[in-house]
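Have a look below at one chain only, the form predicted alone, in C-alpha cells format.
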Amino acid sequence: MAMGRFLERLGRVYLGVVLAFLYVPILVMAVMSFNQSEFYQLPIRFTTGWYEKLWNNSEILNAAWSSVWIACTTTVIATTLGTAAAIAFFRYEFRGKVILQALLFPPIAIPWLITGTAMLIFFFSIGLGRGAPAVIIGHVALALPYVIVVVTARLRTFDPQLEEAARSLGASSWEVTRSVTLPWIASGIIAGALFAFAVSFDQFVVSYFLAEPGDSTLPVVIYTAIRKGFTPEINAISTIIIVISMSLMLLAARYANFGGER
C-alpha cells in the first residue's frame, strides 16, 4: 500500500516536471515580450512597446498573414482529401489497399529537409517552380497523412451496420455519408484539421525551399530575424500565436468532445 502511494506521488512529480519543462520556457518568453529591455535585463520593467513595434513591422505582419492563409487553404484541401480517403479505406476493399495505407507513413518519417529538396527539384522539373501554389501543394502533401491517420482512428469506432441500416431505408451513398458517417467522425475530422493547420503553419523547411524571395512565411521570417539579431518583437508575435492557437484548441476540445462521453 505504501509503495503504491509512493509510485503515485512519484508519477505526479514526474508529470509536473514534464509540464514545467514544456510550459515554463513559453511563460518566460511571454513575460519577456512585456519587458522594456531589449537584452532581457532584470528586474522586468513592464511595457507594451514591443507589441506596438510589431504592429508597425510590415515584414512580420505580411509573413504572418501569408502563413495564415496558406495554412487555412492547406487545412481545407488536406482535410477534404484526407477524410474522403479515410472513408474509402474504411468502406472498400481493393487491390493494393494495404500498400497504399503503408505509404502514408514515409512522408511522416522522412526528414523534411529531404522532402523539401525533392519537392523543389520536382516542381522545377515540371515547370511549376517556386511560389504559393508550390508551397500549398507541399504543405498538403505533408499534412494529408496526418488527417488520414486521425480520421481512420475515429472510423475504427464506427459500426458499419449503421450505414447498412441507412441504405436499407433508401438513403443514397451521399446521404449515408452526410447524415450518418460524417456526424460520427466529426471530432476526428476536426482533430485532423487541427493537425493539418499546425503542420502547415509551423512548416519551415518546405516553405524555405518553395517560397519565392520576398514572399516568405512567418517561420522563415522568424528564422531570418534571429540570424540578424533577436528582438522581443519575435517574443510578441510568438505570444500572440500561442494565445490564439491554445484558445482554438481549447474551444475545439470543448465542443468536439475529443475525450468522449463519461
Partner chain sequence: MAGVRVANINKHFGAMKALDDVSLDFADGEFFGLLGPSGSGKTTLLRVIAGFLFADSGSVVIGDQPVERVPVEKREIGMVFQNYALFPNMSIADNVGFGLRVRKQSRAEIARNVAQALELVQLGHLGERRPHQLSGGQRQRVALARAIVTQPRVLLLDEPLSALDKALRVDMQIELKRIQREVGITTIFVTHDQEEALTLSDRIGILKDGRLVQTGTPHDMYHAPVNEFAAGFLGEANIFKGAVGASAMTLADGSTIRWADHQQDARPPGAIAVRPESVIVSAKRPDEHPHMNCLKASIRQKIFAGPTVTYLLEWQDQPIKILAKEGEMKDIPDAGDVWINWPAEKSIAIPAG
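Positions refer to the first chain, counted from 1. Fair warning: this is a prediction, and the values are worked out from it, not measured in the lab.
Quick note: we don't show the form predicted together with the partner chain, though the next part is all about it.
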Report task. Evaluate W184 for contact with the partner chain in the predicted complex, applying a 4.5 angstroms cut-off between non-hydrogen atoms, and reply yes or no. Result -> yes
Query raised in the report: Using heavy atoms and a 4.5 Å limit, would one call G170 a contact residue for the partner chain in the predicted complex?
Result: yes
Query raised in the report: Any chance V149 has a heavy atom within 4.5 Å of the partner chain in the predicted complex?
Result: no
Query raised in the report: Hey, in the predicted complex, is A166 touching the partner chain, heavy atoms inside 4.5 Å?
Result: yes
Requested in this report: Note which of S125, Q161, T117, Q101 lies within 4.5 Å of the partner chain in the predicted complex, where distance is taken over heavy atoms; exactly one does.
Outcome: Q161
Query raised in the report: Given that the partner chain is left out here, which of C72, V180, I189, A132 has a heavy atom within 4.5 Å of it in the predicted complex?
Result: V180
Report task. Select, from the options 135 to 143, 103 to 111, 171 to 179, 78 to 86, the stretch whose residues sit within 4.5 angstroms of the partner chain in the predicted complex by heavy atom distance. Result -> 171 to 179
